[in-house]
Structure formats: C-alpha cells, structure tokens
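Taking the form predicted alone, here's one chain by itself in structure tokens.
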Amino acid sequence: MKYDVAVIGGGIAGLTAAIYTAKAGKQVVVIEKQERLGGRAMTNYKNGAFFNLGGHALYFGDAYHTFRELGLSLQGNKPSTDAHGVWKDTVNTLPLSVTSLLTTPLLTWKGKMEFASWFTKLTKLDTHKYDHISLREWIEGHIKDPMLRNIFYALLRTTSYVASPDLLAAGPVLKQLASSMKGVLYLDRGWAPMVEQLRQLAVKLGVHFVTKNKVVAVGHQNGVVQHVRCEDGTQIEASHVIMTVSPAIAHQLVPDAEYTALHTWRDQAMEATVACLDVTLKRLPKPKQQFVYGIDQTVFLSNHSRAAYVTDDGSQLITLCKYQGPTTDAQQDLQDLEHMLDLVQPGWRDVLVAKQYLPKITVSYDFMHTKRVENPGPAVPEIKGLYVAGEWVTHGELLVDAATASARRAAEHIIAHDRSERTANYGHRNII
C-alpha cells in the first residue's frame, strides 16, 4: 500500500491530522491498534450511562474552534459555575461569582477584594511572560492572601490536571484559567459522538482506516521516511508519517531514534496522570453540591448531568478525579475519592446505580514544565517527512487543545513542504 500520509494513532490528534491533510488533497491512511477510534476520548456505555475515560470538559479553546471550523455539531451545554471547596473536611462556598464572593467564609474581606481584582486582571494578562517560571513561583510572588493562594492552586490544578506546581510552567495554565472563565462544554452522550463525526468526515474526505493493527516500526533511509511496518507484516509506503503516540513509543518505533530530537523529547517528558471515579446516582443527597474543588487535597468533583445528557434514565453522573504525583497507590486514591463523595454527597452508596474506577489514566504524556529543554514537533528535524502530534506536543496549549493544535501544525508543515517542492520543481523546469 502506498499513501501520501500515514497517521499512526486514531485518537483526536490522529483524526484531526488526517482530516486536514486529506482536505489538502493528500491520500491518507490512519493506523489504529484498537478496534475503536478515539483513544482517550472514547466513551463506554454501560448500565444506561455514558462514561468517558476520566473527566472530559471541552474548553472554548483550540479544539473547540477546530471542531467548529470542521463543521462538527457539538451537542451539550455549559454547566453552572456555582462551586464549593473542601477545606479541612468542610464544604464551603467557593467564590466564583459576585454572590459567592460576598458570602464565602473562606476568605477575609481583604482576600475577597484581591480575588476580585485578579479575576479582572486575568483576561488581560500577558501570560507568555510566565512561560518559563513555575506555577508556585508565580502564585507565591503575585498572590498575597494565604487562603487565596490555596484557592488558586486548586483552580489551576484542575485547569491543568497537573499536581506539580514546582514544575508546571505558569504561563500556559494561567491562559487556560482565563479561557475557562468563558465556561466549558459538557457533551451529550460523552465524547463518542464527536469522535464519530470526525471519523465520518475523514471517510468523506477519502481517508482509509486500518484498525486492530499495531505499528511496529517507521522505516527511514538517508534521512528520509520510507514506510510504516505493522505487526501483521503489512508495509505501508508513505512520503509523510505523523506519529500521534507517546514520546516513548515514538522513540521505540523509529530506528536510531537516539540520534534524533525524539531522544530529547522522550527524556524530557513528564507524564500527568489521574485516578478517576465515576458514579451514577438515582438522585443527589445534596443537590446544591455538584461542582467541588479540593483545596487542601488534590481531588475534584463534578456532576456532568447538570449540563449534558449522559444517562438514559435521568440518573446523576458524577465524575471525581484525583491528580496524581510520581508515585501512586490505587487503593489509597480510591479511598480519597470516596471520602470526597462522603463529604459532598453523604449517603451516596444508598442511591448508587453504577460505578467505574480507573486507578491511573494518562492525561498527558508531557506538559509545559520548567525542566523542558525544547518544545517538540511538529517535524522531527533529522528525518524528512516524519512528524509528531498529540497532547504532549504542546507549544503552550493544554490537554485536547494541544492535541488539535499540534495535529494542525503537522498538517500545515506537510502542505507547506509539498507546496515549496512543487514551486522548486516548476522553477527548475523553466530554467531548463
């Protein structure tokens, strides 16, 4: 088989890259090792509920605008921002609106004034100035009130899904927080309908899909990509290959990767993971407590049912995440998540319909951190025609925004490269 572009991985980044290259007239194939497409954007339907793989909220950022540009119908709604915060095992109103700011017992009057001032500043803040300092350095240097610092840590932890303020670069996550002030979108029936729309669009554009087949090598010769080889022996020739896999897998697939930028990108990568507990409840014991930040613990709770159709029978689908560090304990993490439920929705076990516990989900294979040597991609400079994309191939974007932005960068690089080659060949023929 021979194609212009071979995309390894059928998640959001892979589908986006395939669509944009196909729209430019390229012959494209997507190779996915699973039977289903979507990667970590897959949705599992069980017991009448649509369970995502962890908490999924669509910010009004790059991914949202990309999907709108592609004509996708994003069915869902913006949830209310009425929030609570858990501090010392007590549930308090969190100041995310004018009313809650005035009534919250968490902050002194001076702290409330400082909070109000910062939420005015955030939308106008030049966050790029803080791309090379840690989140802790920014918070400790800019926030005066001690409790307000704790609240900012909680907000920014949830915005980034990263619980390492000493490593997380401040600029990108501050930008994401400012974006979140516009609200987020919870999607009806989870993210599966969006993935299916991407697949249908790709098929309409002529993209070919190979599923249940694992790529084992990306062949290259004399600094030029040649082909992709699959586990079943299938060899696919391609002028361009876009790898939407982890930096470790990308390094493993490419012979002599240690002599390329892939080596640097693998070694600098810091994985962000969460433990996730989803429960569906017949009703909410505490109907007003649906959106809760852990202030002195790295746990977050949100009821997706308050904004989206995610259960068939009207049950309430609650997602809890615990943002993890380098070491994890599956049993302890589950206890911490259930403890949050006990505080926020006491008696939840009596109205439990279904439960899903995922002890360790990779949110991102890398993120913008202070020890990063360079931003990866889109091109692997040492091998012509080889590219990377995915949420870890970030140039400042976070989460799914990084997946779509990096995919478009790879597609644009391929299109620009081919255009320049055609121009060069045309000029050469004129000279002759």
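A quick note: this is a predicted structure, and the numbers were derived from the prediction, not measured. Residue numbers run from 1 along the displayed sequence.
Heads up, the form predicted together with a small molecule isn't pictured, but that's what we're talking about next.
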Counting any heavy atom within 4.5 Å as contact, can you tell me which stretch out of 388-396, 65-73, 43-51, 374-382 lines the small molecule in the predicted bound form? 388-396
Let me test this: is every residue among G61, K78 and V173 within 4.5 Å of the small molecule in the predicted bound form, going by heavy atom positions? no
Does at least one non-hydrogen atom of K26 fall within 4.5 angstroms of the small molecule in the predicted bound form? no
Just to confirm, Q297 within 4.5 Å of the small molecule in the predicted bound form by heavy atoms? no
Evaluate V5 for contact with the small molecule in the predicted bound form, applying a 4.5 angstroms cut-off between non-hydrogen atoms, and reply yes or no. no
Quick one: does K214 come within 4.5 Å of the small molecule in the predicted bound form, counting heavy atoms only? yes
Pick from A116, L205, I361, V351: which residue has any heavy atom within 4.5 angstroms of the small molecule in the predicted bound form? I361
Answer option from W191, F152, W138, Y293, heavy atom within 4.5 Å of the small molecule in the predicted bound form: W191
